[in-house]
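Given as structure tokens, the chain that follows is alone and in the form predicted on its own.
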């Protein structure tokens, strides 16, 4: 290869001409080979808001948590001025995936939050979003081996709140309320669910370690559905009757249905309940002391916080404000803060259910960022360590 001095020494070229020639040749070489394009350079390409669409995909629209997911997405949509589409999966992975694929085919840049029906749905959804050059955060359910860093920047992050801690909180509440003795039944969520599995693991481990005289009679997965929780509770009442001293649910939606079944059977005053969510209806039951103070423990988080954080993280990527591949692990496989709630301290959480709570959270999140907004701050990186 000729160097600049060799070219300049040619009788046909002056040094200045040679320099111009070399610059032109280098430019041509870059064009021919293709300029190296980084993820951040791609992400910073301006996208007009009319060419974006926010998408929030939820498991159903009967569970209070999923309804709250939608509220958070609406609040962020209004704040950013970007249209929103809601995917109601109706508890079906097939419905979830087909509806998402239809939106991706629309041609707009998709900024998506997905509360997956099952963990196994995540790779299919993420791949479809990547092919469409959209951006997605997965909440709650994702296979352990399916890491954002291995997929690329279109899979912005996998985000969740610790499930093991949630289960342990519920076990402590029921165990203490029963004085360390008795029988309990369990209502997990979807069987192929990271969230349900970690909450179940935390609950069963805590009983084994701390309350060995409490027996688990049976476990009935209830798909996060209040109606199925109600039906399964009815079946368990028929089977075990007043042998049931406690009921743990992986989510308040199922607990709401279960409590109604025990009330209809005349057993609500004799059973203690603990669950995850502290939804408004559960909060009302705590305040009133329904069922001789039947609810003894909860964990607190809000669906509108999860959807707002998930969508906003994806939005920051789409607009070039962040480059996922340059983030530390905890900002791509994220665990957010969870609070254990008892009948003695629930009052400090009531403000998060005021009519403008979702909008206030969105305002604070945009000011502070998706990882530093109370009461759901980033606390570490996943995946969670499962109890042995």
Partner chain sequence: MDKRKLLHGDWQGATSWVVILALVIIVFSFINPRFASIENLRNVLVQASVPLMLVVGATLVILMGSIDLSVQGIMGAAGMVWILMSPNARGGIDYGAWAWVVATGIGLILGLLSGVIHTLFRVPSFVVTLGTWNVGVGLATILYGDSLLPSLTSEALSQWPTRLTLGLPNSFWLASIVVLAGILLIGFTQLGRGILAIGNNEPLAVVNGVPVIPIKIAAFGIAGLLSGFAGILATMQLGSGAPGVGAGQLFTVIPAAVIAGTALSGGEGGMVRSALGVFLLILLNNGLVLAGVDPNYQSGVFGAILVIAIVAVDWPQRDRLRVAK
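Remember, predicted model here, so these are calculated numbers, not experimental data. Positions refer to the first chain, counted from 1. Just so we're on the same page, rigid core means the largest C-alpha set that superposes within 1.5 Å between forms.
If you look for the form predicted together with its partner chain, you will not find it shown, but the lines that follow are about it.
### Query
Contact between residue 104 and its partner chain in the predicted complex at 4.5 Å, heavy atoms?
Looking in the predicted complex, residue contacts with its partner chain do not include residue 104, since no heavy atom lies within 4.5 Å.
### Query
Would residue 121 count as a contact of its partner chain in the predicted complex, using a 4.5 angstroms cut-off between non-hydrogen atoms?
Answer no; every heavy atom of residue 121 is more than 4.5 Å from its partner chain in the predicted complex.
### Task
Tell me, yes or no, whether residue 62 is in contact with its partner chain in the predicted complex, where a contact means a heavy atom of each within 4.5 Å.
Contact check for residue 62: yes, within 4.5 Å of its partner chain in the predicted complex.
### Query
Using 4.5 Å between non-hydrogen atoms, is residue 244 touching its partner chain in the predicted complex?
Heavy-atom contact with its partner chain at 4.5 Å: absent for residue 244.
### Candidate from 77, 93, 219, 204 lying within 4.5 Å of its partner chain in the predicted complex - any heavy atom
Comparing distances to its partner chain in the predicted complex, the residue within 4.5 Å is 219.
#### Entry: in the predicted complex, the one of 191, 98, 176, 269 near its partner chain [non-hydrogen atom within 4.5 angstroms]
Residue within 4.5 Å of the partner: 191.
### Query
in the predicted complex, which of 161 to 169, 104 to 112, 252 to 260, 307 to 315 comes within 4.5 Å of its partner chain (heavy atoms)?
Comparing against its partner chain in the predicted complex, the contact stretch is 252 to 260.
### Query
C-alpha of residue 253: shift of 2 angstroms or more between this form and the one not shown, rigid core aligned?
It does shift by 2 Å or more.
### Threshold 2 Å Cα movement between this form and the one not shown at residue 102, rigid core reference
No, its C-alpha moves less than 2 Å.
### Query
Core-aligned, is the CA shift for residue 81 between this form and the one not shown 2 angstroms or more?
The answer is no, as the C-alpha of residue 81 shifts between this form and the one not shown by less than 2 Å after core alignment.
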